[in-house]
Ligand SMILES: NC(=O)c1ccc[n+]([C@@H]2O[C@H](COP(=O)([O-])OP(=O)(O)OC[C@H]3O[C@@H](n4cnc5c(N)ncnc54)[C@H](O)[C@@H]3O)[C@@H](O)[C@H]2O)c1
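Before any questions on binding or motion, here is one chain by itself as structure tokens, the form predicted alone.
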Amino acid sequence: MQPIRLLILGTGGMANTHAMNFATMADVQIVAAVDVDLARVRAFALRHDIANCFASLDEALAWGEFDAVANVTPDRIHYPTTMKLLAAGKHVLCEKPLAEDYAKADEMATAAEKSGLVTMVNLTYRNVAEVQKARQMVLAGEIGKVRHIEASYLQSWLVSKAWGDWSTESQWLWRLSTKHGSNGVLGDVGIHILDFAGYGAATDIDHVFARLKTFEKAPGNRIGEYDLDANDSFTMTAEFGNGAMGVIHASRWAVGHLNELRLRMHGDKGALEVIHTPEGSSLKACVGEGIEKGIWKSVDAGTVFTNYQRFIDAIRAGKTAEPGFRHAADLQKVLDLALVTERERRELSV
């Protein structure tokens, strides 16, 4: 069996995670890396034993000796690069969000569907076994009809140096600046918590109303070339396709929470809670006789394949796997509408 030849596009921090995961697969060969910063791409290639470096995607495409791409570029670069890759007949695993807005994401999803290529979006919390198990339990009717959903994504990197000094490092500053392609916490981690909630509860959002807030972080909310105008926190009320009501929120100001996702689902026959942090994940259920006394018990979720492995398996099978481009585009539509509801102060139908 010939190995799948993989190119990594963009060599920032998250690219190392891609490289390390793909390097563990015997049927994958990382053959090249691309970055506009030649010194950075050379250092990345040396670190991960990659033979070929390019300073532009066009150079790599002219070379052409690869089958698939992990697109780990900044958000605003996803659209132009992915469209070129699809036109060139390359399979693509794209980082989230798929694009900065729904119009571009929809165009990318349509192009992917027409291409027949394998395309996926790296919504990394699909790798959490506990949320996959929770979904199975919901679909099996173990908590009955879901009535209420609570989901949160809490980070503290604006009030902690646990991940580095955001005020001096470009990898964090661009996430706070709209002119650098950021849609704030809503665009950065909002897509994660929307997917975490919708996937875990086996449903989609029908109606949404959101409020967003940008807090002062520096004099005039500016550091060097960065205008710190992107939203730092959001709250969202939602109505889901299964009839449930829900509350979803996220913040970078959540002291004491380095990186925590939490999902609670309450049905008419029971409830589930998923918590995921860097230290690990847990799934608890309140079902059966436990309902009467509010007794929660831990559930063993087992293990699951990562998005990286499922991307490669999908290429081998010749069939796209979820989370796909169309799903990511639908999530982007919700995020775009959330911005409109903030501006117009009204609920909107998805």
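Just count from 1 along the sequence shown to find any residue number. The model shown is predicted, which means the values in this text are computed figures rather than measured ones.
The same protein has a further form, the form predicted together with the named molecule, not shown here; the description that follows concerns it.
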Only one of 144-152, 263-271, 210-218, 117-125 sits within 4.5 Å of the named molecule in the predicted bound form by heavy atom distance, namely 117-125
Q) Val31, Leu61 and Gly89: each with a heavy atom within 4.5 Å of the named molecule in the predicted bound form? A) no
Item to complete: Mark Lys96 yes when one of its heavy atoms lies within 4.5 Å of a heavy atom of the named molecule in the predicted bound form, and no otherwise.
Response: yes
Find out whether any non-hydrogen atom of Val72 is located within 4.5 angstroms of the named molecule in the predicted bound form, and reply yes or no. yes
Going by a heavy atom distance of 4.5 Å, is Gln332 a contact of the named molecule in the predicted bound form?
-> no
Check: Given that the partner is absent here, does Asp232 sit within 4.5 Å of the named molecule in the predicted bound form, heavy atoms only?
Finding: no
In this chain shown alone, the residue from Gln136, Thr277, Gln171, Thr168 with a heavy atom within 4.5 Å of the named molecule in the predicted bound form is Gln171
Across 1-33, the residues having a non-hydrogen atom within 4.5 Å of the named molecule in the predicted bound form turn out to be Leu9, Gly10, Thr11, Gly12, Gly13, Met14, Ala15
